[in-house]
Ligand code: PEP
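Consider the single chain below, provided in structure tokens and representing the form predicted alone.
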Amino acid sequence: MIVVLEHNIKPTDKSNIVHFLEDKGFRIREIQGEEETILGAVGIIPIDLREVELLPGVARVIPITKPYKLASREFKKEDTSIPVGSVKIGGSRVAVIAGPCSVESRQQIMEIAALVRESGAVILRGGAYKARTSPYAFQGLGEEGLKYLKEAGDANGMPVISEIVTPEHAGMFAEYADILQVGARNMQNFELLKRVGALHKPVLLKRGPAATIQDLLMSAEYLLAHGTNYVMLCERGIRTFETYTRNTLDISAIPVVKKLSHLPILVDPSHGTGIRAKVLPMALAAVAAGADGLIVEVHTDPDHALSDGPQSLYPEQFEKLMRDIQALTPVLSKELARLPETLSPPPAYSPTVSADQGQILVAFQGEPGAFSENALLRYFPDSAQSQPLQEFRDVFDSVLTGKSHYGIIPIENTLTGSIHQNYDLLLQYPDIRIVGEKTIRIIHNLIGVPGARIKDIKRVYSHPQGLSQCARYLDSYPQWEKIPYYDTAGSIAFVAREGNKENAGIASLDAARVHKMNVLKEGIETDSQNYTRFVIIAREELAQAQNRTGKANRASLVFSTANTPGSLFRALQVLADRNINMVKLESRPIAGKPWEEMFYVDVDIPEEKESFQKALEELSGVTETLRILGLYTVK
């Protein structure tokens, strides 16, 4: 059962409730939710729920009807996010685990680890003990393989996962592996599940070849009931009458699990198909269906792999898969998980930052739940702290004065074009540089107070761009008054404060969640190809520190030219002669100089950095002014 506690419960009352339930024989699990704190009481013990409801500090008691208790959505409404080192599995990011089926040698795993890390994998996989159908097949290197795997993970800053096949190895795996994998053949090895759960480490549980979804969730319940809070489910294909592929990958299991359970679910398209050429399309299908991650086999020489070579990707295939996932995730309002880079602020110029030591503080314009905050949370590590501010200029001031380490501002929208105010601010703050970029899909939603219906609405509030981008939908309700507001999420905060059923706002689903509002209609934007490009800004000192890594692949420049024929042509000719691709060109009036223009240019930085530097030198010779707004990486 679920025991919902009162908001201001006394510690003594809470302790008394726990002791009461434990004395009855229940196992207790406490969950701090976004809206309330609950105690999960697990056990097959007859009890009159009224005995619990009468205890001081109890708000209400809810029986769990599912046979799986701790794994059920009834027990926990919010999705579980599982921390593994610097990576989180679940939530808005898609985590990719990659590596060979088996660790074959130190050199092999070190080489593959570096390759998958470079392509974007965040967790390294590799089998040390292999449960094989044939007793004559390669069984793995054992503990030596685990040592090699751990060494390769440490060398590349990656957590590691490996499959445990017997309870006797639990202590060894706890020492070497960050995640323990329970394979499909052992999904219902209950003694193994008990022992692994008691290690209190993250576990990846694979669905058995003949297991139902309920069977999978009941096995997860064993792990949760015996100690671990962190269980990831994995769909890896089931046995059907089809023989063309190794298994039949049950993509439909993803949304089903999402409805039944709060646990993250990953997909293994390598075992799910058993055919290298089918791995990429099925991996993308899994992401599109809502998978929280993938576990993929990659090998530098699959034809000579000691296990599962036919289903292992070549490194170049894996790199393409990662690029495709990166292109797909914005459509799904998700982000490809990345290992953290050097985002820590130099303390020398940020003495006023009030965030905890080691935590990144990022300023954005708007209220909590704004699209800017959404972009912020996708770009920065999960430990970053967001700081809402009223105006775009406030974001620049916060970064300049050291009150925040970074800022994030929208710079361009695919439907309404450039945000000229922010281009002008980049010119007005010469000590600020662009250090990163993030593009997200903008999905607008009509949001009202709880209990409101569309027929109740008379007034709609949102940022002018939000109203503009939903014009077709709003035109179908000509009787509504459309009222501009300074911020999309701010409009929802206003509607929430007013509490009037006749008011509605247009904003993100995050804004509705933050303010506990009712979503009346999802996806009301006129054009689904609605994306906004955000740039991350920082002081020049931090920008210079990041530039020393040499990883920048995009530059934003601004220059002016003489008011003579061909002056702009000569500037652009410099880029063409150096084979530098220009991805954006826009002009803006120069303040105080009527009819004279500044030109904003975004270019791709070629791999030959010397060519780019020479282009800058030549540009300075054919322009009147030239400034670098930022050198940064577009992922």
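Each residue number is its position in the shown sequence, starting from 1. Bear in mind the structure is a predicted one, so any value in this text is a computation, not a measurement.
Another form exists, predicted together with this ligand; not displayed. Remarks below refer to it.
When contacts are judged by a 4.5 Å heavy atom cut-off, Glu297 counts as touching this ligand in the predicted complex. Though the partner is left out of this view, Ala184 does reach within 4.5 Å of this ligand in the predicted complex, counting heavy atoms only.
This ligand in the predicted complex is approached by Arg236, whose closest heavy atom lies within 4.5 angstroms of it.
Shown alone here, Leu217 lies farther than 4.5 Å from this ligand in the predicted complex, counting heavy atoms only. Across the options 122-130, 497-505, 552-560, 476-484, residues that bring heavy atoms within 4.5 Å of this ligand in the predicted complex belong to 122-130. Looking at this ligand in the predicted complex, residues Cys101, Glu163 and His271 each place a heavy atom within 4.5 Å of it. Among Arg117, Arg378, His463, Lys206, the residue placing a heavy atom within 4.5 Å of this ligand in the predicted complex is Lys206.
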